[in-house]
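Given as structure tokens, the chain that follows is alone and in the form predicted on its own.
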Amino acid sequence: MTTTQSKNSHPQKAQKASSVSENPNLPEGPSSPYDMQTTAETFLWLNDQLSVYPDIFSVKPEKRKDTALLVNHPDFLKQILVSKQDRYQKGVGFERVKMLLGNGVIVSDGPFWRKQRRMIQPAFGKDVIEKLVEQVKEANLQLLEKWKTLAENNAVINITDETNELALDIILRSLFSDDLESIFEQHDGNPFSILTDDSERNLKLAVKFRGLTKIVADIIKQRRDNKADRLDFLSVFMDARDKESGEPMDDKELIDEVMTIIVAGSETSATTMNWTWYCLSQFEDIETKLHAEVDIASYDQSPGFEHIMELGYVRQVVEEVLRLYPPVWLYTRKAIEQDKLGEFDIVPGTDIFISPYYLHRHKDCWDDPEKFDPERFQAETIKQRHKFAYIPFSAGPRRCIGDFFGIVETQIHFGLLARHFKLSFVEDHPVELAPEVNLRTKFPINMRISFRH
């Protein structure tokens, strides 16, 4: 794993400028032009640059037209993401995502994004999540029965595939509830499993995935024709009304939001659970402490929403996993108005790059940043840390809308499965990062499953 070494704890000295519009006051940066991407090459390149410019640096474009900044200082990030967020919008790199997801809340911008965000926000409130936990429990209880059979033989399981399939199952149940069974019957299985069967996120997959929109359209039509009381994400989306016009979402808007939730809701959770099982297998003392917590919790079979507070250490472990392995390791904003970050000028059109992976390893924000230490997320320790030193779900109005659901989902998963099983890492190949759109493992992680008791 790479480690960011900071040579300067303060924002870098600025280049002198005489005119903001013609010659803005920019931070120092590498001399060679470079266009940052969500690739392994950029991942390593950033590590090298941040060892010299730990807080902020500028990059001349290679093929793009605008200067880019990599911003890695929590004060600056607070300004970009919260206090002056209206001066920034979605940046470069979302073209590929839009091909896959359509114009859902992850990729939309401006008034349309604000309208859609307001309309889907109620689906992710505590009262809805509390009821949807039943779907999360059911998916994990089915996995429990499968794992019992495997544990009887101390089988080796591909935990990457297992968590991918579980996370997809959970989000589909949470979206479609009792319509899911009919989808499977009509399509002789799970048509959305192309997301777990194919790890590539390219144009070919985008075309296949967008082809599944007809399934969602059919479900929406059926629900409009045959109204029934349901509680799932789709039903809340369909019931939502714009507060200004009083109108519901049209079918295209509903479909894009559903497709967005399927991908974003499954892939981030799967990646987090995959990394968490691996980290538990590497740190026996942390695994022992987590086992002790789940063993004494008050639930009989599966934890429910009412048991979340009893799984505080599980949450700390998950939050530390999200610090070291944030699912989205690089994302962008684009300046649409003049701004200043400290002494530096931000002109409209500037591409802003943000890397939670490297921010979470900033030596001025974190002690021993490469160490896996869930104690960082005790309540008192969190209070002492800069709020914007930890942004695995981004921050501000564009913070991931499903972050609370994702945390609860992982707490339920480990609260149930870690009570029964121990997973031991099978060292058949090195565990390497695959820094693409999401921060996955380069190869699947294999683990030997055994009963704890």
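Position 1 is the first residue in the sequence shown; the rest follow in order. The shown structure was predicted, so the numbers you read here are calculated from the model rather than taken from an experiment.
The form predicted together with a small molecule is left out here; the points below concern that form.
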Contact stretch among 36 to 44, 396 to 404, 418 to 426, 61 to 69 - heavy atom within 4.5 Å of the small molecule in the model of the complex: 396 to 404
In the model of the complex, the one of Leu280, Leu234, Ile106, Leu359 near the small molecule [non-hydrogen atom within 4.5 angstroms]: Ile106
Among Pro374, Pro74, Gly102, Pro327, just one has a heavy atom within 4.5 Å of the small molecule in the model of the complex, namely Pro327
So in the model of the complex, does any heavy atom of Trp113 sit within 4.5 Å of the small molecule? yes
State yes or no: in the model of the complex, is some non-hydrogen atom of Pro27 no more than 4.5 angstroms from a non-hydrogen atom of the small molecule? no
Just checking whether Phe94 would be counted as a contact of the small molecule in the model of the complex - the rule being heavy atoms within 4.5 angstroms. yes
Indicate whether Lys289 is a 4.5 Å heavy atom neighbour of the small molecule in the model of the complex. no
